[in-house]
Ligand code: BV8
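To begin, one chain is listed below as structure tokens, in the form predicted on its own.
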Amino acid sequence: MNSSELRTASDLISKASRVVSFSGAGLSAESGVATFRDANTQGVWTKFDPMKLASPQGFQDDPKLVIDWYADRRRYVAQAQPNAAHVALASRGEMQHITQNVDDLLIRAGVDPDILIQLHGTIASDHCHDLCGYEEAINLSDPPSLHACPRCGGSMRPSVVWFGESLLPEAWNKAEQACIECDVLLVIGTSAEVYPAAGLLDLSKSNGATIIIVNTESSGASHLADLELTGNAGEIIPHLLR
């Protein structure tokens, strides 16, 4: 962690009138929450193609397999705790937060759910796959098995964005607006290479924002950074925001 760059980044954030955080899997990795592509966790599930676990076609082909996998992941997330980066972000009530993560760790750290933009949805709720409009909150420690929608009889599924699905328009519109209006975009734990979400960096940059990236290594987004701090979010973010 370069102390000079850290001080510069901290000064930029403290002087900005509007700071927005944009986080990815690296934010929650230090809490033990890995993606399903990570071969080091949930070993039994590494035998399955992600497209079979997180796509409409996979759900249609074997809904029980998909729901069983999400039940395991929900229990896994329930045991995780917010790390120092989550807590530091939550301490800045004036900040807007955009995340690609579907866990609830920012909320448990204290971020207001009403101002958190979860681009890819959340595993803390289910909705009807037949889109009748029914939704229900989920106890992550005791997730349900495959079950029918009580309103229309369709299948209930996690409220996450699967491969092949579009981002939720409301969340995307809010994220775009936040990135247009911010002075500083603080990018945490994401390679920001997958579109359309990666386009938020371009959007902020083109509207004059300073881009500060915190990641464990350089990525395809590094060329957009005004400052890039290499290291763990749990060590860097508390220093940036104190």
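Note that residue numbering follows the sequence shown and begins at 1. Worth saying up front: this structure is predicted, and the values here are computed from it rather than measured.
Beyond what is shown, the protein has a form predicted together with the named molecule; the following relates to that form.
This chain is drawn without the named molecule; in the predicted complex, the residue among Q81, S145, N139, S166 with a heavy atom within 4.5 Å of it is S166. Scanning C179, I211, A192, I67 against the named molecule in the predicted complex with a 4.5 Å heavy atom cut-off leaves one residue, A192.
Annotated contact segment (heavy atom within 4.5 Å of the named molecule in the predicted complex): 95-103, selected among 95-103, 148-156, 130-138, 108-116. Although the partner is absent here, V160 lies within 4.5 Å of the named molecule in the predicted complex, judged by heavy atoms. Of the heavy atoms in L224, none are within 4.5 Å of the named molecule in the predicted complex. The named molecule in the predicted complex comes within 4.5 Å of no heavy atom belonging to S204.
Contact check for A54: a non-hydrogen atom falls within 4.5 Å of the named molecule in the predicted complex.
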